[in-house]
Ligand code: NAP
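Form predicted on its own, single chain, as structure tokens, below.
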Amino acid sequence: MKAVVVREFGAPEVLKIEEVPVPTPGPTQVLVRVKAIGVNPVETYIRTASYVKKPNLPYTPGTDAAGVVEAVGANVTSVKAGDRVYTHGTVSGSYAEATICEETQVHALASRLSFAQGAAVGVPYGTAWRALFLKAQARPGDTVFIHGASGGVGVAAVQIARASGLRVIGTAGSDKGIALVREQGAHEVLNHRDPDYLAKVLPLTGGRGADVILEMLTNVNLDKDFDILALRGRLIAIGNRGRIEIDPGKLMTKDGILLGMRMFNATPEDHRVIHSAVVAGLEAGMLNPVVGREMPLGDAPKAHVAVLEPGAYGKIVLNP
């Protein structure tokens, strides 16, 4: 089978297609024939060895995919050959024509969704759900402010928050992105390219500020986020690309809570809860992954460039 193999850390060009054997599932594992692959920013950080966790070389990138179960281990009971599934986590990497997952890493893919949509579920919806409910403890009636709401995690967060009774304010950086965020259910959408866009948040919230802020670019926005945080608000740092100087007094004045998160810290129980909710939302039609761009597997290097470019619009998906 074809798979992307990384033999050295570095630029996108280290992502190379190779012929590798089809893996065999162990007793608790599932072999998924991959139909679509989700591309996440974290995979670019891992590729350059700038992420806190580094895989052993060589490795095949990726955690998110959608496809059909081809074989299962002797102890697997929750899925069977022929089932449509999406993955959030893999053993052998998702940038391939087939991947091995632990049984707990595969989840039912609703028949109404395409495989490309299924590949857009894992990291985005898992991250958004964990940030909103397991970290921020968001409740119906809260106001949530979502930076970069037109990207994969942002779209997921808008849909989940709106379906859960939160008031949603999102941002995007293009007319197309703004329209997308509004279509996904945001009550208000701001253009984060406008120099004074954050000044509009307090008037939109009656002077209170946001009860929850989901921050995708902490190194740029964190200090300014404190200005729009509500009293006893919760700010969740999801994405970051560098350092920033902040005034802690702003956070103290608000009695606010600043929390960081990485999905690799999620417990098995976290994943069980998250995907029980996500699968139900997908089946009920409340959650609808948005695919912005599909590319062939051989364009993985181009996808790693595109996923970091401004003007995010839905999810980038590779087709094996």
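If you're wondering where the values come from, they're calculated on a predicted model, not measured in any experiment. For every residue, the number given is its place in the sequence shown, counted from 1.
FYI, the form predicted in complex with the named molecule isn't displayed, but the following is about it.
- Although the partner is absent from the chain shown here, V42, G148 and G314 each have a heavy atom within 4.5 Å of the named molecule in the model of the complex.
- For the options M216, L113, I100, L222, the residue carrying a heavy atom within 4.5 angstroms of the named molecule in the model of the complex is M216.
- Interface residue among M295, M286, M261, V273 relative to the named molecule in the model of the complex, by the heavy atom within 4.5 Å criterion: M261.
- With the partner left out here, the named molecule still marks one of 153-161, 132-140, 104-112, 200-208 in the model of the complex; by a 4.5 Å heavy atom cut-off that stretch is 153-161.
- At a distance threshold of 4.5 angstroms between non-hydrogen atoms, R232 is out of contact with the named molecule in the model of the complex.
- Contact annotation for S78: none of its heavy atoms lies within 4.5 Å of the named molecule in the model of the complex.
- The named molecule is not shown here, and in the model of the complex it never comes within 4.5 Å of any heavy atom of G185.
- Remark: A96 does not count among the residues lining the named molecule in the model of the complex, judged by a heavy atom distance of 4.5 Å or less.
- Contacts to the named molecule in the model of the complex (heavy atom within 4.5 Å) from stretch 65-92: none.
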